[in-house]
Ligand SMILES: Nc1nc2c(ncn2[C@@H]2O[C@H](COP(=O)(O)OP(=O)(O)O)[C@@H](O)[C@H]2O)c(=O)[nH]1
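Just one chain follows, in the form predicted alone, and it is written as structure tokens.
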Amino acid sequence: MKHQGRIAPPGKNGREMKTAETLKIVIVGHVDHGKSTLIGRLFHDTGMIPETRVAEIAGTCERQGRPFEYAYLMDALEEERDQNVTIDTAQTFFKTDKRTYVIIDAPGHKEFLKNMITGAASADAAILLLDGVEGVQEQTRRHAYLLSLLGIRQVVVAINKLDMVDYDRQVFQRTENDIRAFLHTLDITPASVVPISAREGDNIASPGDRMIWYGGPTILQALDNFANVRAETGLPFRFPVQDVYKWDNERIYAGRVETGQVKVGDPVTFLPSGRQTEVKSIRLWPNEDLAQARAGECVGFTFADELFAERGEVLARSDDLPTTVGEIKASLFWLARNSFVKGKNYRLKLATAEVDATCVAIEERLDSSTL
């Protein structure tokens, strides 16, 4: 069968867009501590907000008899505007001179904790936001604990609303001491603890002159200091096969390079089938040939040998293969209404692969709502 489809989504900048460094950031914290306002500020202060959008927000705020709200950039749904809370996890982009960020705004309410987990699970780093006046709250602790369970170790703490206390240094230091002490129990050492006012823009993109007692990085500087955990130099090459296309008697294996890098001529192996071959060509849609493919790129491969690997197999360099196993131990966030049951069969999905699996044992349980 001949597929008339594309191998990788096009973009205005083509190859340049695909290779730009990207970092996924989740913003978590107690409800009403200012997450959406912070994101709105990040967008505004990096020049990512069109003037038409600013005018729309200003008009909405005026009609509702409230001051200008940056939070409306994220709280786009009418239901969220009515309730003035963030219900779902939202993703959007902004840029600094160093990289592009996918920034995830996660719900703060206890009732929306499952949505927060869904968003945070794909993050490379986190901003833990808390109100400098209210200090560390129950939801602050819960979200920080979930970050630790998800293995997110790149964390910056933003202590917000210091404009409400006339930028009092003692208020900041008291809250900083409390959150550092709690994070220490979770084996999380924040890269920075930054005093901010999301509403006024202090220490978001620039320091301003109202907290001269603080000499650390702004939020943007702290984000730019984070490492790219998915960098091609840091992890081995892994390419889950998304689909197989046939063009002009060629079989093209399409998908996304999750980690690492590979070059034309490299010996590679499909797992779990164990089929071995060599990379013949790397294609970028619509008709560009590449010398190598790197993490984050959507590409198509052709190989030196005739192969019949299928969707779900993982391509790796032959000199750095993953381990194939029949049993795994994992931390599982169970989101379904029906209980997860020992001895029951389930469909397990990993990247593009699906296999039948049986729960052998449940060694520990934790209620994410109560910890």
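The structure presented is a predicted model; accordingly, all values stated were derived computationally and were not measured. Residues carry their position along the shown sequence, with the first being 1.
There is another form of the same protein, the form predicted together with the named molecule; it is not shown, and what comes next is about it.
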>> Only one of 93-101, 198-206, 272-280, 174-182 has heavy atoms within 4.5 Å of the named molecule in the predicted complex; I'd like to know which.
In response: 198-206
>> Whether V262 contacts the named molecule in the predicted complex should be assessed with a 4.5 Å heavy atom distance threshold; does it?
In response: no
>> Contact with the named molecule in the predicted complex for M164, defined as at least one heavy atom pair within 4.5 Å: yes or no?
In response: yes
> in the predicted complex, does T140 have a heavy atom within 4.5 Å of the named molecule?
Replying inline: no
> Hey, in the predicted complex, is A309 touching the named molecule, heavy atoms inside 4.5 Å?
Replying inline: no
